[in-house]
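Read the single chain below, which is given as structure tokens and is the form predicted alone.
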């Protein structure tokens, strides 16, 4: 009598080790789900600028792994001025004098639920990688193809450009807006939705030593150091944001320029001369102090692309997460937070999958798509609208400064106050309904999660 070969264990392949991929790895580890993280680069990223996180992002950190939030608190930076803990930014004007010549004073916007917090992206990534066993990560692995069987069990074959071939139960694409997995999910049914579209803005980035930023920017009309608190400088044709990072030792600056022409450069970054960079803002009458801050910027235009619409986040056993699903402009400081929300919901759902069963995995992806896609796509769309507000070109608002501040004090609440644990509860209920999963099985899975985590951490 022939023996029955045991089914291979559930194993998830994560493609991409950015914020989304790392957060998912932390979540899967916590839920006891085996995974391998494949990164195209030769090491974790060592570059980046400032990252802002709202209360929803911090709540997602907590729910993914409480250690994640605790470690982040050690490297995050808030506003310097007393009493501005709940201020997201002060609205100021780009023009010469920052609006003081016409009596404008810094106008704060935020909410009681919001705690100002930001960090250098590299510091955030260091926190995240500290929670992930290096044995679960493979570098120099750029995906070439992903093949999944049309029927039968859960099995995906991944071929890398170096020739290696591996198998997994499912693939989670966290490889960014230009990554290969978006084509694999959307290419057949929605080919016109694969490529991200140019948002009509490009940016220059700089990180300035705080002591230099303080000297350059000086004090505002209220007597507070401009560089010490988060600021949004608004104006026709451009906007500039500055905020402290690295425990207040550096000032992060992002200078946005409206562009009414299509992006025709082959790459998403375009080298220009320093004169061209400066002229982008001098021609608009931007205060010379902000132009001086560009001394620390590389003369490189970073085009901002986004996915205004994405019809579905999964195809069979391939699922998208983070920028590969919903790349967004940074005007609501919500992109990283949406990656963390994705990772929370998907890791909890995959934690309920009891075996490498295609029906269970597709049920998990279906529930994830139904919960996350409407919210994430709304973030993309409203972020575009926020960019128009900052450049005094939003329909119905224009250059009405009082209306702009009123808009900014309400615009972010639906993002910040969202009940993520209600999403988690909904996800679990809908997954159970689709799979008729017995509660006892799920409880056993949860009990074993801590054992799996301890084993992985000692690997």
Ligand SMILES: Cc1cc2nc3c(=O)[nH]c(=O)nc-3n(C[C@H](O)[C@H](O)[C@H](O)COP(=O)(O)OP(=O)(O)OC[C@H]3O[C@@H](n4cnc5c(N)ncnc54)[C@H](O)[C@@H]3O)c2cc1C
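Treat the numbers as computed from the prediction; the structure is a model and nothing was measured. Numbering follows the first chain given and starts at 1.
One more form of this protein, predicted in complex with the named molecule, exists but is not displayed; see below.
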Residue (of 312, 386, 143, 291) lying close to the named molecule in the model of the complex, criterion heavy atoms within 4.5 Å: 143
Option touching the named molecule, based on a heavy atom within 4.5 Å in the model of the complex, out of 349, 380, 336, 238: 336
Close approach of residue 200 to the named molecule in the model of the complex, 4.5 Å, heavy atom: no
Distance check, residue 13 to the named molecule in the model of the complex, heavy atom within 4.5 Å: no
The named molecule contact at residue 174 in the model of the complex, heavy atom, 4.5 Å: yes
The named molecule contact in the model of the complex: residue 127, any heavy atom under 4.5 Å: no
Partner-proximal stretch of 96 to 104, 281 to 289, 367 to 375, 315 to 323 relative to the named molecule in the model of the complex, 4.5 angstroms, heavy atom: 315 to 323
Heavy atom contacts to the named molecule in the model of the complex at 4.5 Å, residues of 346 to 360 in sequence order: none
